[in-house]
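What follows is a single chain, given as C-alpha cells, in the form predicted alone.
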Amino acid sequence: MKLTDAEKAMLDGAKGPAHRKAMELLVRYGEALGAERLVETNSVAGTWSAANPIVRDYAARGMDAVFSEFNLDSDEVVPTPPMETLACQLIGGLDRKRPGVLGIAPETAALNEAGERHFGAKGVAMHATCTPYQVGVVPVFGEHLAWMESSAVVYANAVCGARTNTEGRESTGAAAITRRIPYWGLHIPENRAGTHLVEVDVDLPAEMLDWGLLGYWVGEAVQDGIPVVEGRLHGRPSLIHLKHFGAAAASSGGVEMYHVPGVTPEAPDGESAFRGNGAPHALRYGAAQRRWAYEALNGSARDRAVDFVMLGCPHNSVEQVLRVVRALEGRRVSPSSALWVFAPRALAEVAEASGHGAAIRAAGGELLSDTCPAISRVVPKGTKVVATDSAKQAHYLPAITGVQCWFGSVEDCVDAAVTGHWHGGVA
C-alpha cells in the first residue's frame, strides 16, 4: 500500500503504540482487500462495549485490554488513546436504564457502565443505536465513513450519499484513532453504479410494511448488488420507509447501497443511477413477488398464540413510538403476551418527555433503548412465538433464538399484543 508520510509515521510508532497497532491492522486489512491506499475519515460508527461473555474475561484485566484485543486485534495491551474522529457507539447488548426487564445480571450491567465511562472519556459518543443518522450523526454527501451495522451502512450510502463499506469492530476501532480506512469498495465512485433495475409493478403505499416486503424481495433477488428501484412508488418515501427498505434488503441479501431515481442523491434519474452503463434487464416486483416476501418472512410461524411482540428494528423514531401509543389507546397488553418497543437512547428520552413511555407502560408494555432482541439474544422467558413489524428481526430471530415469528404492520402487532393471538395478513 502507498502510505503518506503521516501514515508512515504512525506505523513507525511516532504517535504511540495504539496508533502503531492500528496502522498495522489497517495495512494488513487494506492489502488483503487489494486497496492501494488509505482514505481519511472523520466519522466512525462502531462498538467499544464490554458487556458480553467473550469480552468479560478481558475486561477483568482492564478496559485497555478490551480495546487492544477487540478494537485493534492486538495481543499486546496498549493504552486507549483519545478518539480522533467523530466516534459513535452503535447498538449494544442491554438497556442501561432497564437491564432488569431484559433479565441482564447486575454484574453485566455494571461492566457495561464501566465500559461506557472508559470509552466515553476517550471521546466515543454513547448513542447506543443502529440508527445514528436519527440522533445527529448525519454524514454529508460524498463523505468517507467507517461504519459498522448493515442497516446503518446501507442508509448512509444510499440516502445520505456518503461512502462506506460494512466495517468490523477492529477496523472501526483503528479508524477512530488514525482517521484512516482502506480505500476500496464503495469508497470508489465507479463501484457505486447500479447493477440491477427493479421495476415495481404493484402499488407501493406509504406504509413501512410494504417497504419492508419490497426490500426483503430485492435483497434476495440481487444479493450483494446495487438495485435501482423505479415504478409505482406512489409518493416520496420517508426516512422510515427507506430505513426499513434498506434493513430488509441487507438482511435477505448483502445490499450495502441502492438508488431510487429522483429520491436518493446519486440518482437524479435512472441514467445517473447506472453511471451511463445502461440499464440491465428489469426485475419485476409484482403481486406474486410481494406475496413471496410475506410468506418467506412468516415462514417460521405456525402457532397463532403470540407470547412476545417486538417493535423497533431499526430503532424507532419518536413518530413511530407515537404510532404504537395511538394503536394502544384504550387497550391493554394481554397477560399472556409481552410488548417491547425499542428506540435510540436519545429519542427514548424525547418519547419519555412526551409521555409516550408512560402510556406504553400504562398499557402493560415497555419502552426500551440501546439494544434489540437480535443483538442481546434476549426475549421474555418462555417465549415461543414472536410478532414484529421488522423484516430484519423476522429474518434473524428464528435462527438466533429458535422462536416462531410473525411479520406484519404495527397495528397487526399491537393487536397481537393485546389479544395474545396473531390475526395479521396482507391482501
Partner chain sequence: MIVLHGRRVTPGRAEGEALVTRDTISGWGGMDPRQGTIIERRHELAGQSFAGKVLVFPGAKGSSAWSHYFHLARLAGQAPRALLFNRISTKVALGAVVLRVPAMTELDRDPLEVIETGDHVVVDADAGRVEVTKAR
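Residue numbers count along the first chain shown, from 1. Quantities reported herein were computed from a predicted structural model and do not represent experimental measurements.
Form predicted together with its partner chain: not shown, discussed below.
If you check its partner chain in the predicted bound form, you find no heavy atom from any of Y133, D303 and W406 within 4.5 Å.
Screening T178, S171, N112, S337 for any heavy atom within 4.5 Å of its partner chain in the predicted bound form leaves a single hit, S171. Its partner chain is not shown here, but in the predicted bound form it comes within 4.5 Å of a heavy atom of P398.
When contacts are judged by a 4.5 Å heavy atom cut-off, E40 does not count as touching its partner chain in the predicted bound form. Taking the partner from the other structure, its partner chain in the predicted bound form has no heavy atom within 4.5 Å of any heavy atom of A60. In the predicted bound form, no heavy atom of G382 sits within 4.5 Å of its partner chain. Listed stretches are 101-109, 154-162, 252-260, 273-281; the contact stretch with its partner chain in the predicted bound form is 252-260, by a heavy atom cutoff of 4.5 Å. Contact annotation for 88-123: no residue has a non-hydrogen atom within 4.5 angstroms of its partner chain in the predicted bound form.
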